[in-house]
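The form predicted alone is given below as one chain in structure tokens.
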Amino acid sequence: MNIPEQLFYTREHEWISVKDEVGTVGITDHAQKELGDVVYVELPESGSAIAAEEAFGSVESVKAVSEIYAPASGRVVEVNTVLADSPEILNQDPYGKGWIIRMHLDDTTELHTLMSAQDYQRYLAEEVGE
């Protein structure tokens, strides 16, 4: 399973990378595999305020619709509009071209509540059986 070291992870299978108080958010490799073929991504508006652990969008696949939860609080500064026309990018490259939003973080200390790559790997092994 692909779990990049430099990212932080949520129990709902989102990831965030942070540079200069701007976080890039997406769903994990595990999440995209569980969803199956992604056919639609609901994105928030740029400028929207989002709160940690609250849904800000959704991913629809051939199997199900799943909410996307914010790993931290902040304001959306950019959305990956490519996903509107090519949602399958989430399956092909969840940690690269398949990012969902970029957000300016309100409080970077919220990141301390997230899991490291090692913690997420243990979580998948214990809670999900991966």
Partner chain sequence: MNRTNIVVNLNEPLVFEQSAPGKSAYSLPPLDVEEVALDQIVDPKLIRSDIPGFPEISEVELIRHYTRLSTWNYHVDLGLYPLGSCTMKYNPKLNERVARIPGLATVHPLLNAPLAQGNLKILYRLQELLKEITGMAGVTLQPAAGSQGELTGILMVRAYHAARNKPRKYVLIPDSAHGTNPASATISGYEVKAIPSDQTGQIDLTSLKEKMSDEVACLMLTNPNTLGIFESRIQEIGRIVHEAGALLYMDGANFNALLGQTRPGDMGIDVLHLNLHKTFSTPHGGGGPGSGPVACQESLIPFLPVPIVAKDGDKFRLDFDRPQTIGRLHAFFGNFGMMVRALAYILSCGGDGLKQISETAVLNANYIRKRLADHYDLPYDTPSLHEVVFSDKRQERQGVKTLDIAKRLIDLGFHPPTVYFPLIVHGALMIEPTESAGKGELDEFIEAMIQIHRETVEEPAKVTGAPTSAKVARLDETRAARTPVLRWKARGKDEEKDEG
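Please read these numbers as outputs of a predicted model, since none were measured by experiment. Residue numbers count along the first chain shown, from 1.
The next section is about a form of this same protein that is not shown, the form predicted in complex with the partner chain.
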Partner contact for Lys63 in the predicted bound form: the partner chain, 4.5 angstroms, heavy atom: yes
Any non-hydrogen atom of Pro87 within 4.5 angstroms of the partner chain in the predicted bound form: yes
Distance check, Glu53 to the partner chain in the predicted bound form, heavy atom within 4.5 Å: no
4.5 angstroms heavy atom contact with the partner chain in the predicted bound form for Glu78: no
Single option in Val38, Ile100, Ala72, Ile68 placed near the partner chain in the predicted bound form, where near means a heavy atom within 4.5 Å: Val38
Partner-facing stretch of 88-96, 101-109, 45-53, 25-33, counted where any non-hydrogen atom is within 4.5 angstroms of the partner chain in the predicted bound form: 88-96
